[in-house]
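In the form predicted on its own, a lone chain appears below as structure tokens.
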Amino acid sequence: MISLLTYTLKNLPNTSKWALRFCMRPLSSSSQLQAAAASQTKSKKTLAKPNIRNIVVVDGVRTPFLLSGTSYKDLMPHDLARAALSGLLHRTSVPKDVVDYIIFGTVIQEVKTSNVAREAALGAGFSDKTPAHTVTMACISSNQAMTTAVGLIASGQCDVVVAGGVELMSDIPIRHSRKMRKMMLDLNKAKTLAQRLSIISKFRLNFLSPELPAVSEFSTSETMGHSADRLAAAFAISREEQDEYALRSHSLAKKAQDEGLLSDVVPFKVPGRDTVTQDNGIRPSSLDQMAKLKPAFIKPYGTVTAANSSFLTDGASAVLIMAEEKALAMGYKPKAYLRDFMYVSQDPKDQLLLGPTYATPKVLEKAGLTMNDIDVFEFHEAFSGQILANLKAMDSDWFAQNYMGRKAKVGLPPLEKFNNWGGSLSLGHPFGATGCRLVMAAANRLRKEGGQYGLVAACAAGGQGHAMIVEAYPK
């Protein structure tokens, strides 16, 4: 498929020019999109549906997202998750006994706290009568936590649910080799000295080789970075375009941070250390400096580098989700409605990172909207090449017809509406926590910019993806 994609997309009309020169400023959309937007009256209808409860996000918070190995390196995941829950309680003043359920997403689980949602909830002072469970769906784990909350509320099982996510890449579980584990288990079962000596006699030095958590797809044995490099090549995306997009992300994140727009970040006093108040991975550089980095995955000719990839991140997030009538009865002014959402899956080998391309047209159709109705786009940035490949695929009739079974492309998001406060490349990407950050960024941007609809989308390991419509709550 890759060779076919490369050939065909390279021979499409050149659409890569839009990606140039956007390191320091938002871009204008294409003239075609501007003309379409001008000729279409923007829909102001609400997406409320008859006989279905309106579900709202009251507010959401996150700890500062930090580079792994920095200030959070001595913590455990439930410490960060507890900090997010405590921050949410402080931000919203919601009584703990009102919360019906707590759901957290995580990816690389700490074996001592496999149900990190429960441990964090108890640590944050929630009642031991409040159920909590943990979900995992790679980079869309907290998306799954939120939509599970939506399901619980929509079905009438709950009125108030806290959803969130956490990841601590500073301390990942490292196992003994399988041979060593088997020997240790056999030793534990041995009843006599002779049996123990017999087992020990089979020991070899290579038994001591540790097993690190897999950074590759189980089904394909390929790392995500390697897949991103192949995807960028298939869609004819240059190293320069990828570096320019990464610089744009860092520059916009720095601007948002300096202007106090990242209001979901709550300070966290790290035990034994100083209070952390902001993300520490936002580092605008220069194209010249970025060009000096060597390829990280496909050497020596690859285009994916450390500078145009998201970095290993520690952090946690949490959002308060309610039935609208419950929120209003408690005196809250919600930030946004959570509307239609869609999960998709596709080939994990050649389409691993194209989840947003597949999910976006489906969720728009489900909601009865078009790209022109969307005021705010918040897409997860795993790699610059991944983002640019998705944007090219979304703007390709050929791809829509040959791979998605659709008659026409969904269209290119106007870049002046796209990830305007930075994204995962700059803010960081704690695998289990990014989804809540995306939703709160969309909600806060809608409120700040006066828009009505936001579109959140993300790819995930396993070739999966998610998209959701967020609707601003009336002021």
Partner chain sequence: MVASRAIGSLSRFTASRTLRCSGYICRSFTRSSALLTRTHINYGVRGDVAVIRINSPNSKVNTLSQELHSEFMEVMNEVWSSSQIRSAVLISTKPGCFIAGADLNMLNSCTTSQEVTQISQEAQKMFEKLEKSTKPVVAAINGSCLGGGLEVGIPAAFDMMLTGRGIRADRAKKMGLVDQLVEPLGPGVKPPEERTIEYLEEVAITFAKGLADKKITPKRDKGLVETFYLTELTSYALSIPFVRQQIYKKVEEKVRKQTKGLYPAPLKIIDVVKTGIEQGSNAGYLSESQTFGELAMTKESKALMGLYRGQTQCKKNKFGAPQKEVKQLAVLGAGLMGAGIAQVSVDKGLQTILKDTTLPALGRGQQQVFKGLNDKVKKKTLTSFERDAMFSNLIGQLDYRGFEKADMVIEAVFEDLNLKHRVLKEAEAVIPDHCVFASNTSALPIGEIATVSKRPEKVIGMHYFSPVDKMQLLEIITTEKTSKDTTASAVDVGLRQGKVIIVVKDGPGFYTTRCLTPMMSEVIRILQEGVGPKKLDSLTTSFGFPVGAATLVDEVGVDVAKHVAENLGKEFGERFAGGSLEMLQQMISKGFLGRKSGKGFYIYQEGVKNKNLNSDMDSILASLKMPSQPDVSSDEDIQYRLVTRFVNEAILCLQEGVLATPTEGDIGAVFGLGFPPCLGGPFHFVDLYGAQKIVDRLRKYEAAYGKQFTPCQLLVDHANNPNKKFYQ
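This one's a predicted model, so the numbers in the text were calculated from it and none came from an experiment. Positions refer to the first chain, counted from 1.
Unshown form predicted in complex with the partner chain; subsequent notes refer to it.
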Thinking of the partner chain in the model of the complex, which stretch from 256-264, 75-83, 130-138, 212-220 has heavy atoms inside 4.5 Å of it? 212-220
Taking the partner chain as it sits in the model of the complex, is residue 300 near enough to touch it, meaning that at least one heavy atom pair lies within 4.5 angstroms? yes
Wondering, does residue 350 line up within 4.5 Å of the partner chain in the model of the complex on heavy atoms? yes
Can you work out whether residue 336 and the partner chain are in contact in the model of the complex, taking contact to mean some heavy atom pair no more than 4.5 Å apart? no
Using a 4.5 angstroms cut-off on non-hydrogen atoms, would residue 396 count as touching the partner chain in the model of the complex? yes
Is the partner chain close enough to 250, 268 and 429 in the model of the complex that each of the three has a heavy atom within 4.5 Å of it? no
Listed residue (403, 377, 126, 101) with a non-hydrogen atom within 4.5 angstroms of the partner chain in the model of the complex: 403
Could you spot which one of 88, 121, 321, 234 gets a heavy atom to within 4.5 Å of the partner chain in the model of the complex? 234
Though the partner is not shown here, which residues of 371-392 have a heavy atom within 4.5 Å of the partner chain in the model of the complex? 392
